[in-house]
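Next up: just one chain, as structure tokens, the form predicted on its own.
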């Protein structure tokens, strides 16, 4: 089966999923799809450009804020475009500051930038509502139906995932992989490393902003928690759990962490501890992630079969 046929079969299976689930679990599935998009946007930088950000939760949440705040004054589609645009502008600002660093310096700088956004959202109570947050009124008409919202998120997510897949496999994406392996060599070959990384940062931010706009529809509420550091860490953990550099592994990572959180939190209030231990165990047993590990096992079996 070709990759296109496999992808089409996967999308079809996801489209049929709501018929087998309750309204509550359809909502959980919708959340998984949204956070899978956030994790994919992080993977564009972490897996293909070699820059691991800790600010994408802030970019994601900024889009959510803009959508909910502006939807009171303009039509919802325009509000969502405004949210994505705001995320792109914020990513551009962050990228200009951060792309000339690498390694732990890039990690810490993006962490600090994300904390600035969180501080603004927490203290600018006249606009953001502070700790009380802002409640929207977006789930009206057909959007109030859990299945309809799921299918909308799935359709948008399919288009966005295809765009990310195309991006990382384009000549631009191949250049990013070269920068990840050896930025000095790519610089010597005549590539503008900083410009490529800046463009990748902005593209990644736009995808995170699209996920944030969809989250505004899903949650219909936003608060400083939406832009806080745990949001960025959770997205990064999903990308790592699924497999950094696999892109679509983010879906498996999001399903694992959100599903595990839902299951464990029903039994104990200490579910973050269980999630942390699970992440540690996964990184020890399968450092390449769930999708990476599955691919390695399948490749090993094919090799064994060929030898026989």
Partner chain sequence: MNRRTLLLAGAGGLAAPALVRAQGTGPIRIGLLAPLTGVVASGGREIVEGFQMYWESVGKRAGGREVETTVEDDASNPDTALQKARRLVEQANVHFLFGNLLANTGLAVANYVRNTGTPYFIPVIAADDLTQRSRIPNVVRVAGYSASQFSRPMADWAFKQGWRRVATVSQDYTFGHEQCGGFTQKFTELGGRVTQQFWHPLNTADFSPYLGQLANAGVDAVFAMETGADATRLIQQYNSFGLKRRIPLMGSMNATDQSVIRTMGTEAEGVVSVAHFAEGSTNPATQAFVAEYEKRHQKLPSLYGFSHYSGALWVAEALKKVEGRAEDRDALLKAVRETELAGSPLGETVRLDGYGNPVYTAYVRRVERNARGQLWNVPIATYPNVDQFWSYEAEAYMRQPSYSRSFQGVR
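Note that the structure is a prediction, hence the values are computed from the model and not measured. Residue numbers count along the first chain shown, from 1.
What follows is about the form predicted in complex with its partner chain, which we do not show.
Asker: For the chain shown here without its partner, which stretch in 210-218, 106-114, 168-176, 91-99 has non-hydrogen atoms within 4.5 angstroms of its partner chain in the predicted complex?
Answerer: After filtering at 4.5 Å, what remains is 210-218.
Asker: Can you work out which of 191, 123, 147, 185 has a heavy atom no more than 4.5 Å from its partner chain in the predicted complex?
Answerer: So the residue touching its partner chain in the predicted complex, by this definition, is 123.
Asker: So in the predicted complex, is its partner chain close enough to residue 9 to count as touching (4.5 Å, heavy atoms)?
Answerer: Outside the cut-off, so no.
Asker: Spell out, yes or no, whether the shortest heavy atom distance between residue 272 and its partner chain in the predicted complex is within 4.5 Å.
Answerer: Residue-level check for residue 272: yes, a contact with its partner chain.
Asker: Is the gap between residue 283 and its partner chain in the predicted complex 4.5 Å or less for some heavy atom pair?
Answerer: Looking in the predicted complex, residue contacts with its partner chain do not include residue 283, since no heavy atom lies within 4.5 Å.
Asker: Answer yes if any heavy atom of residue 258 is within 4.5 Å of a heavy atom of its partner chain in the predicted complex; otherwise answer no.
Answerer: Yes, residue 258 lies within 4.5 Å of its partner chain in the predicted complex.
Asker: Hey, which residues along 34-51 are within 4.5 angstroms of its partner chain in the predicted complex, non-hydrogen atoms only?
Answerer: Going through 34-51 in order - heavy atoms within 4.5 Å of its partner chain in the predicted complex - there are no hits.
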